[in-house]
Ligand code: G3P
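As a starting point, one isolated chain is supplied in structure tokens, in the form predicted on its own.
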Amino acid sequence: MKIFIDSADIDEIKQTYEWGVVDGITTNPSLLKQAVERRAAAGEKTDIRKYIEKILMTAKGTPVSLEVTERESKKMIEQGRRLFDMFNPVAKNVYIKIPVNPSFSEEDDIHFHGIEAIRTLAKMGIPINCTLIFTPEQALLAAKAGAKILSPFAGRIDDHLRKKMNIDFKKTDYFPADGIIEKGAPVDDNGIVSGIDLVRKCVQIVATYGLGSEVLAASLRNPRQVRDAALAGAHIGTLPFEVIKDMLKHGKTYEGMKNFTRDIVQEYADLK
């Protein structure tokens, strides 16, 4: 499974690329705005365009998703094309992030505007990351429209299910991949029992029909959920910086390192 960092913090991004463990970046306009404002407050002269260009160069050779802010198909197409033309020449690694359904409610009449934008931009040769997927059928439509990446939001589905069950939780808490049993069956959201279950079913549809899209497990909150996403067959997982760091932690590893260091053979260490 490829690992993307979900961040707009250039220091976090640079660190993970120096570690050699990440394969791309996802971000959004809010994260970018906050990152630029933090650097400006620290006295750095930059603007959002220069900052994005810096991120793209850091990630050269790997995908970076830039999100549209419009909701109607024509405007999303116009903005997506503008962002791609503006930033893809920097390092040839821009994906445009489009919501699967830009509606605010069932009463909106723009349910298919995201799909229309994906279709049009994909035909232009612009790679698309389809975001805000919460059902396998949304993933199916986005894949058929031509999205290269499908982003089911695993963590947010888990949050939604916990709220349905009136469970107090922190976002970093683990949610079982097979769901939580109540009255003899797992609580579900239209047949989805967990965020990982959503990811697994999206992967299954893509594989069954050879759709050519990659499934990106989004909104992953802890290392065990990352493990579950990998076991579910996700092609990509996008993780906050802290989750990437936590993936290496285990008490027995620390204990073993202490033992190895205590038992070091000096003659071996001095070999040249």
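Since this is a predicted model, take the numbers as computed values, not measurements. A residue's number is simply how far along the shown sequence it sits, counting from 1.
Another form, the form predicted in complex with the ligand, is not on view; read the next lines as being about it.
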item	value
Of N28, T69, Q204, T46, the one that lies within 4.5 Å of the ligand in the model of the complex (heavy atoms)	N28
Which of 215-223, 55-63, 228-236, 35-43 lines the interface with the ligand in the model of the complex (heavy atom within 4.5 Å)	215-223
Partner contact for K144 in the model of the complex: the ligand, 4.5 angstroms, heavy atom	no
Non-hydrogen atom contact R200 with the ligand in the model of the complex at 4.5 angstroms	no
K171: touches the ligand in the model of the complex, heavy atom cutoff 4.5 angstroms	yes
H113: touches the ligand in the model of the complex, heavy atom cutoff 4.5 angstroms	no
All of K97, F153 and R156 with a heavy atom within 4.5 Å of the ligand in the model of the complex	yes
